[in-house]
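Presented as structure tokens, the chain that follows is alone, the form predicted alone.
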Amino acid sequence: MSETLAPEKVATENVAVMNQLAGRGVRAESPLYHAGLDKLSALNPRAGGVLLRELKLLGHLTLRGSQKNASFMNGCAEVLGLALPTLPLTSVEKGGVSIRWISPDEWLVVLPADQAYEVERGLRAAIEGHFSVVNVSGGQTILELSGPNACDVLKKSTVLDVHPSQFPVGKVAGTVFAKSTALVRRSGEASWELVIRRSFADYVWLWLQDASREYGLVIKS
């Protein structure tokens, strides 16, 4: 267990839980808002070997806790509607909620943005003992790669072995991606999700454009 974990249940009333949803009159902008992907999707060709889409403005919660803490494991399962994956490099998904295994005591939960606040509050109320839940929604985004040449682009970008025998659907792995980093998840037979940091979003976007050039890149809205 990491020494950074704090006993949050001891003084729940002192924990600041903020609703990060933009209020009325406030425009929410994804990390790639400036790239105008929606406009590009209307202009690009309809066919290509690589399809790219930003899964933008979702809720991202980082969970830390011990698998030996029954309150943590049971509380997460109750609030999230599915149990945390405990096998290394795996993920689980149900409805609009997906959970990625990061390490033996860390998970990333991705869910609709309008659910993140209540889910965080629910977790804090349901769990006892040492644990951590942090809303990191504003600090990262997800790029979805799909199509017949998506694997070819990944082979240019990372040292991961992305062959289906080594990287089946549902597997998750953190890796160097070009000169940045990404948390890679195989979401389907021909689809992949890259969780990337906000500060590197523009770099990864430019990299993927170049890496996909020979196959034809289609932007999806």
Partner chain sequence: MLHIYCPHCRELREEEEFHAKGQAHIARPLDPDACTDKEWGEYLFFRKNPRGLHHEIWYHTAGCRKFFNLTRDTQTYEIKEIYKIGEQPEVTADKG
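Computed from a predicted structure; not experimentally measured. Numbering follows the first chain given and starts at 1.
Form predicted in complex with its partner chain: not shown, discussed below.
The stretch in contact with its partner chain in the predicted complex, judged by heavy atoms within 4.5 Å, is 101 to 109, chosen from 120 to 128, 101 to 109, 143 to 151, 70 to 78.
Proximity to its partner chain in the predicted complex, taken as a non-hydrogen atom within 4.5 angstroms, holds for one residue of 42, 169, 159, 47, which is 159.
Remark: residue 53 does not count among the residues lining its partner chain in the predicted complex, judged by a heavy atom distance of 4.5 Å or less. Looking at residue 191, you'd find every heavy atom of it more than 4.5 angstroms from its partner chain in the predicted complex. Taking the partner from the other structure, its partner chain in the predicted complex has no heavy atom within 4.5 Å of any heavy atom of residue 92.
When its partner chain is considered in the predicted complex, residue 181 lines it closely, a heavy atom lying within 4.5 Å. Using a 4.5 Å cut-off on any heavy atom, the residues of 159 to 177 that reach its partner chain in the predicted complex are, in sequence order, 159, 160, 171, 173, 174, 175, 176.
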